[in-house]
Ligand code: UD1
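Quick setup: one chain, the form predicted on its own, written in structure tokens, and binding and motion questions come after.
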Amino acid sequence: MSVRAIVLAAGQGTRMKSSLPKVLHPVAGAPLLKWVVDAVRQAGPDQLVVVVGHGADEVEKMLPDGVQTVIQKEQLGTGHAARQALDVLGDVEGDTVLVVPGDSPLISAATLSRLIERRAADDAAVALLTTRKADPTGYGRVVRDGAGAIVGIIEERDADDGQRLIDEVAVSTYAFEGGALLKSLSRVGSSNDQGEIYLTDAIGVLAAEKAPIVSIETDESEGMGVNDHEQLADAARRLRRRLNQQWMSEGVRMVDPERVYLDATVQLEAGVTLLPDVYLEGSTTVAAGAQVGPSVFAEDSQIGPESHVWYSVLRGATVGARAEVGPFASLRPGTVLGPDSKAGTFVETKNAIVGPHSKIPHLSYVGDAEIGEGSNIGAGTITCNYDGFEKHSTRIGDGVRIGSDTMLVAPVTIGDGAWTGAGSTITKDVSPGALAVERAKQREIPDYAAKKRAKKAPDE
């Protein structure tokens, strides 16, 4: 017996009020649909088809290799979408056909596997996934007879007042026997409030034929779908909590897990400490012993062991072992801080390599630059890397002392052990060990303040 899988991802998601297809809205660093497809693939189907429709080209681009797609050109309901997929799957008689909505990012591979196994073990026409909700508004209710047997699923818009009181809801996830799915869909009509072909109506058809129907119940979070931005935020919160619990179980310390925001793609080592209001996104990694936060945003960055990053923004940056970043530093793409280095208060770097034990303590901009080992960059220093047309590089050697408020007009090289005087504008290379000073001679204008006041005095 083969297992075939269908993921329904054709809907527009009108309640999102967005030009972005609903299934592409991101949660914890990945589109809704990616979470679903990953869970389905981990359940091990022999074939997977995703039904696409609204924004089909964009949706297809994010799907992994090996996933087939079929376009539902007209949005005629979930039952119609399943029919489109069955045309691609071919002969499914005797196989299990798993059907999962593309907007349920919290569904797990373990639950899907249980559903598949339950259908096979009971040789049922269908096994459906249900959950209990204190407020079932918006969900199809599972209708049972007096003996507890499932007799159908009724959508809320078609339910009567009594049926709307039912708290057991279907979450649009099913494991069908392939032949039963084909036959039941052929008998499903569109005489409902929406004029659509509901997949849920296939359950009623099977129940009327006394076909064996079974169910498994899962927790409310796994069964939640996303139809608007409030539900999207709720799903993101739940996924973050799941991710944070996983990382804490692996040795990551979080002072306040509710205020730590991690993408699923982020990698952490045991011994990391994350303080409140930390946002780690993309391919960011944090090594053992590092302390990140409070108030750090890091995207596609590497934070080295025993480093300290706080109140700062990192984008495409690498922070070496025992380095310090912040507070209020901005490390832009191409920044590489060597071991034991520092980018301190109100420092901005871009495409800059800072060598071991070198420091940019405060109030400086270093861009398109390379700094050697053990150098110190004084407050207010700027590498003037742009001439209005092109970017140019600044090279600062080992053991250099750059005086406060120095303008380094690139291209320029400061030799090993050299110094620059505070307030200098350096336009030429500085020899190793030399002191470069560029200042106008200081002069005074006697009684200037009194003369100035006199000019401002009102006429008598």
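Keep in mind that this is a model prediction, so the values were computed, not measured. All residue numbers refer to positions in the sequence shown, first residue = 1.
As for the form predicted together with the ligand, it is not shown, yet the points below apply to it.
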Quiz item: Where, among 179 to 187, 99 to 107, 298 to 306, 235 to 243, do residues come within 4.5 Å of the ligand in the model of the complex by heavy atom distance?
Solution: 99 to 107
Quiz item: Looking at Gln163, Thr111, Thr318, Gln75, which has any heavy atom no more than 4.5 Å from the ligand in the model of the complex?
Solution: Gln75
Quiz item: Any chance Gly225 has a heavy atom within 4.5 Å of the ligand in the model of the complex?
Solution: yes
Quiz item: Does Leu8 reach the ligand in the model of the complex, with heavy atoms at most 4.5 Å apart?
Solution: yes
Quiz prompt | 4.5 angstroms heavy atom contact with the ligand in the model of the complex for Glu155 | solution = yes
Self-check item: Contact flag, Lys452 vs the ligand in the model of the complex, heavy atom cut 4.5 Å
Solution: no
Self-check item: Stretch 166 to 185: residues contacting the ligand in the model of the complex, 4.5 Å heavy atom cut-off
Solution: Ala170, Val171, Ser172
